[in-house]
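Listed next as structure tokens is one chain, alone, in the form predicted alone.
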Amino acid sequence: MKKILVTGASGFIGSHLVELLLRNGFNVKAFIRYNSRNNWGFIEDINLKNEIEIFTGDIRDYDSVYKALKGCSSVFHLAALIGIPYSYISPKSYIETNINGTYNILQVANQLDMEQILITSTSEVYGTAKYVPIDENHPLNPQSPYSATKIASDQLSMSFYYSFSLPIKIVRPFNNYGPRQSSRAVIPSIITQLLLGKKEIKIGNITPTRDFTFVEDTCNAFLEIYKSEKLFGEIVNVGTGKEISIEKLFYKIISLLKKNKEDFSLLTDMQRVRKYGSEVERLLCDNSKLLKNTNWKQCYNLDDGLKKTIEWISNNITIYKDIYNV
């Protein structure tokens, strides 16, 4: 079996993707950012971790990327800085990781004559929807430094496809959720606060709508796009085609936890409110290209995915910092 490199392998989506590839018999090499503790992040939680080849390095370092990719036939490139609030504070770090890191992947892959390069994009590149559902031809609108760097890395990747015939595929997930996601994201933030017994739940804006996909469904989409012979040089949305407001999401989680909504109130946490003009008000995926060109199907509806997420967070509540000091 050919070897596949997964960058960002120790993170939320990356660790689930590594598990899926292992279950499907792939030979997996995990690119993990070097740290002095030799901590492998969520790779540590994988039952089959002894079957993974671990490579520690830095995606921003060309030599690290070259050594990681050598001997691999394909790469799933997920390594990125993704926190939107921090992109307002340190835009340069996003440029160095998201753009320069992607450049390193592309340049090395071109030198090594690799078979497939899957680049991870984000629905944030679309900004607030100008029409729905959002297809891959929707205008791009960088409403945060984070989304700007992802647009740049996508465009750079497509330039390598056209200039060098590099076998690029761009996977563009909409909002993800599931086990192992950090409390930076809205779903684990709400669940964690409720499980910790809070009555005043602090989140950001409650009116935006999002298209949430359970992480295992997203990883299955990555694999199906990899298998397709039709999607080279293409951008492919990954989402459910359903949207929900953050406020309605909050009350759905309360219901799944079998709590009374009258016992809770929503408070605006200004640290989670995006800068003026930066909030993406609506995201709703048109996944018709994915459905037409692959065998992907959604396996988890929102309720089922939330139940699995609640269960996992309940069993791992100690890893979530109580940022609001119960």
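The first residue of the sequence shown is number 1, and the count goes up from there. The structure displayed is predicted, hence computed values, not measured ones.
What comes next is about the form predicted in complex with a small molecule, which is not displayed.
Quiz prompt | Selected contact from Tyr161, Tyr226, Phe214, Phe174, since only one has a non-hydrogen atom within 4.5 angstroms of the small molecule in the predicted bound form | solution = Checking each option against the small molecule in the predicted bound form, the one that comes within 4.5 Å is Phe174.
Quiz item: Quick one: of Leu78, Ala109, Ile168, Ile190, which gets a non-hydrogen atom within 4.5 angstroms of the small molecule in the predicted bound form?
Solution: Result of the distance check: Leu78.
Quiz prompt | Interface stretch in the predicted bound form with the small molecule - options 79-87, 247-255, 226-234, 199-207, non-hydrogen atom within 4.5 Å | solution = Looking at the other structure, the answer is 79-87.
Self-check item: Partner proximity in the predicted bound form: Cys285 to the small molecule, non-hydrogen atom cutoff 4.5 Å
Solution: No, no contact at 4.5 Å.
Practice problem: May I ask you to check whether Ile310 falls inside a 4.5 Å heavy atom distance of the small molecule in the predicted bound form? | Solution: Heavy-atom contact with the small molecule at 4.5 Å: absent for Ile310.
Practice problem: Give a yes/no on whether Ile13 approaches the small molecule to within 4.5 Å in the predicted bound form, heavy atoms considered. | Solution: Result yes; Ile13 sits at the interface with the small molecule in the predicted bound form.
Self-check item: 4.5 Å heavy atom contact, Ile59 to the small molecule in the predicted bound form
Solution: Although the small molecule is absent here, Ile59 would touch it in the predicted bound form, with heavy atoms inside 4.5 Å.
Quiz item: Looking at the small molecule in the predicted bound form, do all three of Phe26, Gln116 and Thr294 come within 4.5 Å of it through at least one heavy atom?
Solution: No, none of the three is in contact.
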